[in-house]
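Have a look below at one chain only, the form predicted on its own, in structure tokens format.
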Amino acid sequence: MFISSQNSPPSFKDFTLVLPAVAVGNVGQLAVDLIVSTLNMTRVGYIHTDCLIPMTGNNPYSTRKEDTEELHTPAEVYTASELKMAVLQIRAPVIQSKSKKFRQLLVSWIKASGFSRTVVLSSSQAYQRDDQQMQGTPLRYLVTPSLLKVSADVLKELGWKEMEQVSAYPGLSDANAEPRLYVPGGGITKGLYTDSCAEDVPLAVLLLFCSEGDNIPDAFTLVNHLNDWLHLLDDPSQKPNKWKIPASWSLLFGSGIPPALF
């Protein structure tokens, strides 16, 4: 359920929605952080659900001391009205037994809100790629039939590789085994894509093959690919640091080892 933090509920008609999947390395979430911070997006509400692990914390995008103590929740919606763009930032893992319920909630909200397209930013385990997925860049995409109708030419021009389907039994050549879509470490990515195909939702997935660790470089890679499509910034390639790093990133790896231990 979407709950507005404004006096009058915002209209998302014909907006583009970007949201992360909680996946390996949290690459999607980090990329969304860069978008919200750089575009100085406005928080307009939140998704109230029991499908996410409950948590709260200080404002991750604070730029002034007065904003620091604002409380933020696991699933919040931000907008940049001039770009007709909204972002749903998801900060907590999905409770495994409620994954399907959460996907259904998202699809219902997306359809009811009238978004023109939805882009899911995600990641997948690099070490579980098959031979064909080792070729080219680590970026892959998926697109539902309803979005492909209007975006086929753009996607072809971008030159991205579509996520390959892989053997259900790697290493075995079984003529009766159909290849399958497999996104290890991708959280709700595959399920949300499949649900969106069934519900005729215009949705695309952008994902990177990556490993756990310092995934900040992966986040920049993913958000730059997104920018090639959506043109959020004029030309980030001319100035790599044009993306604004949020203050909360200084705490990504904690405060270090206390010297007193030694």
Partner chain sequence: MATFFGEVLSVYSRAVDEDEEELDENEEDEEIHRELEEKRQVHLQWSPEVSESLKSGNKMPCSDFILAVGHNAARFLSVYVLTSENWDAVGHASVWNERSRAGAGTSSEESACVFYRRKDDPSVVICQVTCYVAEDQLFQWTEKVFDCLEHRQLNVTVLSDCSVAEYKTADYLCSSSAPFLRSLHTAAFTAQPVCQSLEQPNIVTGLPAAVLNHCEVHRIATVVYQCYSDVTGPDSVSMETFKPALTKLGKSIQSDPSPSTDVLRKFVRSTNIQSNLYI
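Treat the numbers as computed from the prediction; the structure is a model and nothing was measured. Positions refer to the first chain, counted from 1.
Beyond the structure shown, there is the form predicted in complex with its partner chain, which is absent from this document and is the topic of what follows.
None of 134 to 142, 112 to 120, 153 to 161, 92 to 100 except one has non-hydrogen atoms within 4.5 angstroms of its partner chain in the model of the complex; the exception is 92 to 100. In the model of the complex, at least one heavy atom of M55 sits within 4.5 Å of its partner chain. The shortest heavy atom separation between V24 and its partner chain in the model of the complex is within 4.5 Å. E212 belongs to the set of residues with a heavy atom inside 4.5 Å of its partner chain in the model of the complex. Although the partner is absent here, S250 sits close enough that one of its heavy atoms falls within 4.5 Å of its partner chain in the model of the complex. When contacts are defined as a non-hydrogen atom within 4.5 Å, all of S4, R43 and P184 contact its partner chain in the model of the complex.
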